[in-house]
Each structure stands twice: as structure tokens, then as C-alpha cells.
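Coming up, as C-alpha cells: structure 1 and structure 2, two forms of one and the same protein chain.
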Structure 1
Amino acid sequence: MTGSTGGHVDGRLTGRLIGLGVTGSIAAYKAVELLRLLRAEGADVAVMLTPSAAQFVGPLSFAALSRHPVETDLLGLLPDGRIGHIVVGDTADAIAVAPATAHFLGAMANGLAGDVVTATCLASRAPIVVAPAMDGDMWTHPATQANVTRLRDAFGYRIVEPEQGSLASGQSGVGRLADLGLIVDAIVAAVADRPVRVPEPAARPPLVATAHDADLTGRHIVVSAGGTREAIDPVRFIGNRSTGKMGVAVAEAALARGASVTVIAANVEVPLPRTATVARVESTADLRAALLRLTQRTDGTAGYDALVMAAAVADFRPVAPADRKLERAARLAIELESTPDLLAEVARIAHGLDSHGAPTRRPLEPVPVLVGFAAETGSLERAGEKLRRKGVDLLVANDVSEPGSGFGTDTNRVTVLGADGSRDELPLLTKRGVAERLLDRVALALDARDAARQTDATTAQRSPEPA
């Protein structure tokens, strides 16, 4: 039987959230195995690292195993704006600090919060289990023993005392981190007579995106990002509120999945991926020129496997921009014209269609997967019509007036519409999470495309030649 932690057999900690604090002892590497044991008991685990602990074991290992953000910064925020270590303190059923240094013991005994581990413990009413590890003389020092006594007797902490054994100093003595099984047992005992503190997943630390296979290896993905600007005069322009965060998230996710990525970057306010090829543009005309250069090679084949058009293209531009700065006036009338629908134009080229939708030339070989974005306000009623009009395979629609789903946010709530009639309404996710879910669809579409081409080629080879 599986428990609520996603794939783990029900154990003594099923349904529990355990905060795991790791401090700067050389035994920090053992905390990775402790995390595995807690997960094996069914626990959901959120990890906090002090700066010195991160020098021994990096956050990536803990994030991959726990599937939660690793708290390392007192000022760190979750994607939804909550303070990370406060969320752990408020929702954990128990907090275990293993290994705990002499510095941690002294800080906690005196109520000092200088890092995320001490701050989480001070901010929480959950039972706290402490497993010290340090040099033998440090452990037996009267100051350390006084701090341990105060934590145990005055604060009610459960102390899993260190064991006799070889120490990092090369000496042998009491100071070695206790057996991990004993630490798990102490955590189980700490929560045994308590109900699950906060069972609602939404109140707990969020899950991070799971790792993906390199399912885009060998693919060329083009991503447009940011907002275009249309000149009014040499110093003023018409633009939009796009920051480029969504496009950059798609580019980073595609790179992580093995793709070769070209970013067509309009006005962006976030760093671009260093390993991507970058083409800088400003206006809609610039963006169109970059797209046409990339879409079709001189031999008529496709220049990329997929295009993700995440850029916010200005819908209007001045008919006649001034060649010198306009003087200030009480009123200024500017005649605007619509900009061309760049994605619809690329779709026509890809499928060999003219501006009326009639087949007039050979489609690109192979036909790329095309993805569009539609920023709406109030409802997504027009998204289906935009999907058909643009001729794309997927359209990602969102209501930018919804909190957490607009320009400049780190999160997004989108609906992914497919040309096959599918409609996938995603929950509020980080923009990287949205990118991963979108690329799942792109990878499947590319695999299906290539499988169909292979089938067609095999059928053609087997067809008898005319007599």
C-alpha cells in the first residue's frame, strides 16, 4: 500500500512533514542518508542548510531526494511569496537537526537565530530532535554540556547523544554522529502521540519540478522571449509589460533536457541562459526577420524542431515614427497600425500555405512543432479561436489579471490547448514548472512526428513500383 508521500511504502512517519536541519559538521554527508531513511518511513521532508553545511553537501542532492526547495537563506522566498523557513516551522510535525554543531547548540540555548536552521527552530512549536556531532573535547567541554542540558531540560529538546568512535581529527572519542536508525527512532517517538500537524499539501513547502530525462537531446528549440518595442520617435516607444521570465524558463528547461536552444530576445529583464545562442531584437520587424532567418534553411528544410513563441509582440505600432524627438505638447495624436501575426506567418511557411491558407509550396521538412502564447484578461474564451487562426500545434493561454499569473511574476496558471482538441488546465506553478509541463507535450509531439515520418518512409519503400 502506498502512502501520501508519493511512491513510498506506508511507514511510521507516513503523512508527516519533517524538517531536517543540517549544520556545518563533517558528518553533514550522513544527512543525505538520513533523508533517505525518513522518506522510506513515509515522511515528507523539507531541508534547511546552514552556509557551512552547504560547503560540505550542496543543496542539489537534498532537493532531488526531498522534492522540496532547500532553505539556505533567511530572506529566501518560495515561488508564492511565502518565507521559506517560516513555512517549514509552521507546518513541520517535527524538526530534526543532524548533525548539530557546538555552535548550533550554543546559539539555540541562547535564542540566537543567525541562519535558517536556528531561525526555523525558534519559529516553530514542533518537537525538536537534536543529534550532535563534533570533536570529543568540544562535546565534553562544560559550555557544550551546559547548552545541551538547557536544551533538554528547559526547552524539551530530544537529544540523541553522539557515540564513541573515530573522529575527523583522527582521534577516537565521544563525538561521532549517532546511528541514523536511532535518530529516526527519536523522530518517530517525538510525534507518536500527536496528530498530523498540517495535512494540507498547499500549506506545506511546495514541490519542486522533478528531474527529466534528456528527451530533447539532438533537438533544436527556438524560444522567443520578452516584449517588442515600437518606436514613436528616437527616445520613446510603445511596448508591453513582458519581462521575459516565461521564455527564459522555457529556454533553461529545454537546455536541461539536452536541446540546442536559440533565444530570440526582445526586451528582457532577467539573465539569459549562458549556453543558449542569443539573437537580440527590439521591434516586431526585427523579430520577424530573425524568425524568417531561422525557420527555413536555404535547401528548404526546417531550421529547428520546435518554436516556442513566448515573446509578447506589440499588437500596434506607429504608422509614421518621427526621426527626431517630438516636442512636448498638450496633446499628441499618433496613428497606429496593427503589426503582422508573426506566428501565423511562420505556421503558413511550415505547412506550405499562402496567406489565404491554400497549399502553394512544399511544407518544411520536417514540419516543426509550433507553440504560441496568448495573454488574456478576464477569460480564456478567445484562446480556441486564436489556436485555429494561428495554425499552431499548442497554445498556452493565461489570464494575466489573475494574481500570480501576470507579467513579471515567478508563477503562472495556464491552460494548454492542442490542435487535437485537448485542453490541459494546469494549477498555479512556477514558470519553470509550466515550462517543464509544456516541454513534456513538445517532446511527445516531436517523437510522434518522427515516428510518423519513419512509418511513411517504410511504407513508401514497400510499395510496388508501377509496371
Structure 2
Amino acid sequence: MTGSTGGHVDGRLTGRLIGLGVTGSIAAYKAVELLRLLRAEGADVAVMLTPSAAQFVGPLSFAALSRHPVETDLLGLLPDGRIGHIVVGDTADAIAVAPATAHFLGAMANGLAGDVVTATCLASRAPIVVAPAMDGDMWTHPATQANVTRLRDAFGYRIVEPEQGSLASGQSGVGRLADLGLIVDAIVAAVADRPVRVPEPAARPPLVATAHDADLTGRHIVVSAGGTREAIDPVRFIGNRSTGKMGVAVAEAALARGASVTVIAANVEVPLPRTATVARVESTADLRAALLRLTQRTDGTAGYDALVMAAAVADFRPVAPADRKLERAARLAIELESTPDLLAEVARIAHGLDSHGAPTRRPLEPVPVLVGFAAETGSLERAGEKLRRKGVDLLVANDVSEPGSGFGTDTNRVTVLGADGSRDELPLLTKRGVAERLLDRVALALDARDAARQTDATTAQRSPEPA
């Protein structure tokens, strides 16, 4: 399964990215329906609102229908630090401005880029379709007409002329936004015979997370977040660049889906969700102690339904941390030893195995779903081997050297490997988006686990007692 942002697969705009600019006309509400029609044609749509347009119709409906964050602030950056109007300008197959105000026509005709819609048009080589809507006298004013002529003749913009009809003022005249079907047709005609400009989802504007049901209600999910620190002496440590954003995104998403959540927080730099139970830890040894405490209850049952190990755990630690601050010296050699593989240890406990993989005691009841994260630099080849070695159900692998992925960013591009051999290469998503997709898999795995237990229980009831 890969991320698809389009609507119908057989639409006239399948695979296309359309930038939809909405300006401050009374007809702005019609842009929501236009967005729906474009999605129905298969388009991926990124919406931009001028500040006036945002007063007529808020961004929520546009974001929910387009699944992209709506651009309203020219000076705001995308979550991953990219500049929104440049991203849309560079990746859109076409930009449609509908409805377009008299003010937009004037600003655009003069190359003024004071809002996100004009700035995107100015920053793009994509074909541009403009559907004006305004009061009849505004439309016939020589200034407006001169601006329209300039946009059409000098810039090559396609103008979908307004229609005769009743206007917001209560009067009748030419100025009504053209029929939406005609605007869609003009966009289709604008992209016809051109190849899809930038098919890679990662280069396009990021996606927003979709809303979910409370499908984790009654589940207890433990999430480790942040990065461990291994003491060199009382003031220095060996650490890593993890900020905890990914783990916190998983915790927040799980809470929103109804789970009770425990966060094991290792030096997290972002705020922790207020409704989670929090255990703060510093080192790998602390994290191990917290994990083991949570994994098994005294009666042998599992302490949680799923564990998501998003924390970056040190692979090495100083053999003998100094108990006093080390003095300055010309050189310092620190001997390191490897730390235990915590997830592999939890997996062995969960399945009742000893360190050689042989059954030694009863598995936890029920066996929790275990999810690991593997940060790689370069190829993800080693991730499949890691999944088997650790004995986990899901492994989320990402190349932290890729732009927009890894430590401290708000986005991530990951591949989710399953113990069942599945491999989902997700597009560049916000960390919340990654968390949601991951929890989709966790929720499915938990449902499958419960169904299997139910079947086992029924079979056991029906079987005759052993003689």
C-alpha cells in the first residue's frame, strides 16, 4: 500500500497536482464544491486562501477534503521548513484561481505578490486558470478589463469569464462565477498533452493526518520517546539527536484514538501529552528497568497491548563512567561496551523464550504487539534482518539522512516492514501522519490477535477432555 492522494483512478486529472487559489469573493464558498469536483476527477489538490478569502470560508473544509494543510499565511513555512508557495508553484500541474477578485486581477497583472495566491502564481511556470467573480460594475471597469487583457494576452492565463446572473449585491449583471463544470473543463484543457509535472508525493505539499475512529479504546499502549544518555562522568554524556517528536506524535495519536497511553520519556525536548502517564528515564539502563516493570504484571499477564519503541536507544555506553568530573587532558580514550537490545529482550519475554530462542516459560497473556523503529543512513537493506533478529511484529525504518526525515523534523518518510513479509513504503508525511498509519497497523494486529484468541478459546471448549 502506498500513499495515494488522488480521488477516482479514472478521472481526467488522475495523478495531477492542482493548486487551488481562493480569493475574497462572496463566491468563495463555491470553491469547496470546486475542490470536491477536482478530487472526483482524480486530482491531488493543494488549497491556498488569501486572508480575505479565509474570512469568507475557513480552511477546515478545504483541509479535510484535500488532505493537505491549507496555505493562508505567505510568511509561514510548511512543517518541514519548505516554503509553501514555492512548493506548490514548482510541483502543481496547473493553478486555478477561483473565485478571483478584482483585487487579485490587479495585483497579479502588476506582479504584486502580497498573499499566498499571487505569490504562488508568480512563482510558477504551471498553466494558470483564472475564474473572476465580482459585482457587475467592478467587472466592466476599465481597470479590471485592462488587467484581464494583460493576464490573458501577456501572461497566457486562461480566463473563465464570469456569467450573467443575480449578484451578491442583489442586482443582476455580469460577474457571477462561471459554472464550476466549465472551470474544471478549463483546468483539464490546461494540463492536456503535458506529462505529470512532479509525480513524487514527497516533493509535493505534505499531507495532513486523516481523522480516525476511537479504534484503540480499551487498549493500553506504551510508547518510548526521545533518546537515552550514557554518562561519561557526572556532567558529560554520550547522547543522540532524537528530540522525541516521533514518539510524542504516536502517543498523541493513540490518545486521540481512545487508548490509554504510557510514555517512557528519555530526554524528550517537546511537550508531553497531558493525558498520558509519563515515566521519565535518562539512560538505557533506566529505560530497560521501566520497560521490564511495565511489560509483565505479577500474575504473568502482559502489562500493555502494544509497545512502540520510538526512542533512540544508545548502542554503546562507557564501561566505567567516572564518578568525578574528568579533568582536561591532551587525549581521552573512553572504553565503550554495547548495551542490551531492549526490544529483543521484551520480545523474548513476550513469547516466553530464553536468550537462545528456546521456549522456557509461558508467553505473556495476551502477547503484546511490538513495534520497533530503525534509523538508518543510506539503504534500508538491514531493516528486514533487524525485524527478524528483534522478533517484533512491525519495524518502522527510515533513512535519517534524507531531507525531511529523521531527528528534529516535523515530517518523516518511512517504510513499515511487517513480520508477515509486508512492506509499506509511505510517502513523506507529517510525524502525526506516520503515527496514524502505524496505528492503523497496530489496531489491525490487535484485532487479529483478539480474533485468534477467540477462535482458540472456542476450539478448546469444543475439544473433548483428554483421556
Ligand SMILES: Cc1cc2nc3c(=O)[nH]c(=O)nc-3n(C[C@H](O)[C@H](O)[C@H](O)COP(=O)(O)O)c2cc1C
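Keep in mind it's a predicted model, so treat the numbers as computed, not measured. Heads up, when I say rigid core I mean the largest set of C-alphas that superpose within 1.5 Å between the two forms. Here, a residue number simply tells you its place in the sequence of structure 1, counted from 1.
Both panels show the same chain in isolation, but it is structure 2 that comes from the form predicted together with this ligand.
For T339, a C-alpha deviation below 2 angstroms is recorded between structures 1 and 2 after rigid-core alignment. Once the rigid core is used as the reference frame, the Cα position of T101 differs between structures 1 and 2 by 2 Å or more. Superposed on the core, the two forms differ at S52: its CA moves 2 Å or more between structures 1 and 2.
Taking the core as the fixed frame between structures 1 and 2, we note the C-alpha of V160 moving 18.0 angstrom.
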